[in-house]
Ligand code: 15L
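Given next, in structure tokens, is a single chain: the form predicted alone.
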Amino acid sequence: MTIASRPFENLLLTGAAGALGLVLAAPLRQACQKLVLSDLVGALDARGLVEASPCDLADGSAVMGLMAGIDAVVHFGGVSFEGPFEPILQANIRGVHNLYEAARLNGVRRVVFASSNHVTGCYGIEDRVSATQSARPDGNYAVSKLFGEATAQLYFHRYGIETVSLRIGTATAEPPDRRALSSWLSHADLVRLVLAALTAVDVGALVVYGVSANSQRWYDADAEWARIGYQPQDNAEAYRDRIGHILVSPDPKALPNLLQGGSFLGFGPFGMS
């Protein structure tokens, strides 16, 4: 089976109990014969996902078993917010290493990796950023996503596993604040983005910003969007009158309002554990 063919036979969605995993599950079922849902056991139980496959990404043996027979992976598992380093180390760094090693040993050929816009979160709100510019991570979480992007490069150039790393923005049903006028990714566009990344051919190890067609977006992403065939349909501008006055932080001069990372710049430092 080639990556371009539809449907996939066996597709794995990690982070299936998360907010975005719940959005993606139904559309992904249409792209495969069998969709395997996975997350931590407690998260799956809380969502009532009784037929899913529990797995701790930090457990290499468990990830190896989870990956058996899988053709492609949509990897949304792990810690999804800024915080102390140790939990991020286990889920996002050790976990992504385990995932790619299991992918290599099981013959998986495509990964769609949920990276983050926070990889460039220390650029200013007046800056325009592309995927080829230097990273400016805004915290531990962002550094873990850079590790994931680098791991994707390693496993493509040495082992031929293709990855589209999606630097996902503010992926919510509606944009919540002024920052999201630039960073919003609607749920409908999230689905379009992931399906495009999953089925595009000859992507190598590609980094793509994941936002909607926002008039005020910070990202020069048209070339990467065209490469995977992503055509966003939504625009945060439609919400400007409702949210344009809502700041991330009450202090207009605080870093969360001045740099693209927003609220993540209000967390930490966390010190030694």
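Residue positions are given as counts along the sequence shown, with the first one as 1. Quick caveat, the model's predicted, so the values are computed rather than measured.
The discussion below concerns the form predicted in complex with the named molecule, not included here.
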If we test each of Ser116, Asn98, Thr151, Ser182 for a heavy atom within 4.5 Å of the named molecule in the predicted complex, the one that passes is Ser116
Counting only non-hydrogen atoms and a 4.5 Å threshold, tell me whether Tyr141, Gly169 and Phe264 all contact the named molecule in the predicted complex.
yes
The named molecule isn't shown here, but in the predicted complex, which of 117-125, 193-201, 155-163, 99-107 has heavy atoms within 4.5 Å of it?
117-125
Is there a non-hydrogen atom of Ser80 within 4.5 angstroms of a non-hydrogen atom of the named molecule in the predicted complex?
yes
